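Coming up is one lone chain in structure tokens, specifically the form predicted on its own.
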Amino acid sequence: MRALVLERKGVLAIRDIDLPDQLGPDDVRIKLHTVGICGSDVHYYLHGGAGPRIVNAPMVLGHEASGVIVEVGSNVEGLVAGDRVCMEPGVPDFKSKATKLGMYNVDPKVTFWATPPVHGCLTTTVVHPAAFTFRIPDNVSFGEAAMVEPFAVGMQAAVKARITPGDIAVVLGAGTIGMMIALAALAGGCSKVLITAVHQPKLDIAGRYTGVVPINIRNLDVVERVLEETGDWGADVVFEASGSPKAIASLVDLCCPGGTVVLVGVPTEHNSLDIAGAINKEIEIRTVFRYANVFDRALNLIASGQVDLKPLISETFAFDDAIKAFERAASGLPNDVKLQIRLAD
């Protein structure tokens, strides 16, 4: 099966590779159409790992995907060959305690595409459980459908924040996930979302959305700006999506008394969260790891038109140019939000 394979750190190849291909009774076989490049894919490519997850053998990349069903298992109902679909890439142990509690994203036995040693979906076809496969509405393109996966992270953050209609939120970090969080927070009822970054091009993109207020922290003090926007009270919800130690250190100052901090970005350096300050304000601190039970709702919001992700698709590459696409993603151009790879016409 032809696939984009990470041979080892810094080395990609488009080649044939043997992949699991047996169709079970509860599975569907999908011909891939569009796959997005995630930050974790880039980490594996550049560094050979992401946090504790290390690539020790050649691995197919990609987990943000859409495609067309070409075959269904004998037990599958509600999906048929020819359906356009997108796929939730993390599959848990259905008998685990985490799954029974509705927290299948933290199931230790979850298998997640392109997470060592599990192969990803930048390949010709994949076999996937029907329970984690979702039909794409006619008004949603393959490119938008491949954006459901990162948007689901934003949805999980918004759900964890327990937003009350009219809340004012802050998102620290205007990368892909930061923008997804901002849009999910608005859809969840926030009246305004302030988003920060050091790169003005990304802020310009985020600022095109009604309700999003961009703040360039090279030029402005974010705490002062947030206090101005909130009458010196602070934000009701603060989402940390950068992993920056400086951003983490500012969380308590940005949040109002009794507010909520949601940690999404994974820090790679030592950081200092003001725990005493959080206690004094009775701030509730919540964390996000991927998502659970929001994938279909994320797709519904996109289909409804309430969330438009099309402006965030920076460029789509042909599969033969997939290595070039990864090289561009690794360069981190300030105008790029999401790069995608098209495997079929």
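When you see a residue number, it is the position in the sequence shown, counting from 1. Nothing here was measured: the structure is a model prediction, and the numbers come from that model.
From this point on, the text means the form predicted in complex with another copy of the chain, which you will not see here.
- Contact with another copy of the chain in the predicted bound form, defined as a heavy atom within 4.5 Å, is made by none of 62, 82 and 112.
- Contact with another copy of the chain in the predicted bound form, defined as any heavy atom within 4.5 Å, is confined among 182 to 190, 112 to 120, 196 to 204, 219 to 227 to 182 to 190.
- Residue 164 belongs to the set of residues with a heavy atom inside 4.5 Å of another copy of the chain in the predicted bound form.
- In the predicted bound form, none of the heavy atoms of residue 56 sits within 4.5 Å of a heavy atom of another copy of the chain.
- Residue contact check for residue 177: none of its heavy atoms lie within 4.5 Å of another copy of the chain in the predicted bound form.
- Under a 4.5 angstroms non-hydrogen atom cutoff, another copy of the chain in the predicted bound form has residue 271 among its neighbouring residues.
- If you take 228 to 251 and check each residue for a heavy atom within 4.5 Å of another copy of the chain in the predicted bound form, you get 233, 236, 248, in sequence order.
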